[in-house]
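Next up: just one chain, as structure tokens, the form predicted alone.
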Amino acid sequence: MVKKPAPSTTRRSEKSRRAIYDAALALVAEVGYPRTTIEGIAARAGVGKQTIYRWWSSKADVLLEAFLDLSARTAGDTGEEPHAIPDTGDLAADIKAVLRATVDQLKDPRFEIPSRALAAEGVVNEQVGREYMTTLMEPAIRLYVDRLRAAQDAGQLRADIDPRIALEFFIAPLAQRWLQYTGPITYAYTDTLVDYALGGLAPRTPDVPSGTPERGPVGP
């Protein structure tokens, strides 16, 4: 009789981890962040709660990792780089493309519901807010900073700007509109944000000194 090989521990762990991710995202969508518990996630995933505590210290950690995993898998399905801002040499086109992808994600219930729950909890829970910022926001911010610095090096942006502040012209208005429902989230809106922001960030044309006569056409 041929003996069957023992089940792979790695495969079993990955299956459990995937079930926990799915359970966490489903629960926070159904009952909200405050009512989502480690016990509830464990029951939904069909694992013991000690399995969860072996890998994560809190439900916030579970949800943040589940959200990142969802983003990476979705990007893989569409053939996109999960954490990249293109550099085609056209800064406006590159930022517009990224913000359009962000609009798609913000309007996708799979992302919108858990991200709203985490963002809302982060307003009243400092620890969750810091983890949300560090885990989800900071990696994206660094990518914007790097792209804007490359544009500075190429002479497309003023050399005196701080990229860390400049990137807020793109993402802060979008985040506020999304969180507070102050207007529609559309490609036209984010394209306009880019046009307005780059208009102020572009290198300045030297002013003609006052009293300097303009040159007219040179006669024959």
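Residue positions are given as counts along the sequence shown, with the first one as 1. Remember, predicted model here, so these are calculated numbers, not experimental data.
Another form exists, predicted together with a further copy of the same chain; not displayed. Remarks below refer to it.
A.B. asks: If contact means a heavy atom within 4.5 Å, which one of 37-45, 189-197, 50-58, 65-73 is the stretch that engages a further copy of the same chain in the predicted complex?
C.D. replies: The contacting stretch here is 189-197.
A.B. asks: Classify Leu157 as contacting or not contacting a further copy of the same chain in the predicted complex by the rule of any non-hydrogen atom within 4.5 angstroms, answering yes or no.
C.D. replies: Yes - in the predicted complex, heavy atoms of Leu157 and a further copy of the same chain come within 4.5 Å of each other.
A.B. asks: Quick one: does Ala101 come within 4.5 Å of a further copy of the same chain in the predicted complex, counting heavy atoms only?
C.D. replies: Ala101: no, not in contact with a further copy of the same chain in the predicted complex.
A.B. asks: Look up in the predicted complex whether Glu30 has a non-hydrogen atom within 4.5 angstroms of a further copy of the same chain, and give yes or no.
C.D. replies: Heavy-atom contact with a further copy of the same chain at 4.5 Å: absent for Glu30.
A.B. asks: With a 4.5 Å heavy atom cut-off, would you call Leu106 a contact of a further copy of the same chain in the predicted complex?
C.D. replies: Taking the distances in the predicted complex, the answer for Leu106 is no, it never comes within 4.5 Å of a further copy of the same chain.
A.B. asks: Residues Leu136, Arg142 and Val145 are flagged as a possible site; in the predicted complex, is every one of them within 4.5 Å of a further copy of the same chain by some non-hydrogen atom?
C.D. replies: Looking in the predicted complex, the three residues Leu136, Arg142 and Val145 all stay beyond 4.5 Å of a further copy of the same chain (heavy atoms).
A.B. asks: Taking a further copy of the same chain in the predicted complex, which residues of 88-102 have any heavy atom within 4.5 Å of it?
C.D. replies: Going through 88-102 in order - heavy atoms within 4.5 Å of a further copy of the same chain in the predicted complex - there are no hits.
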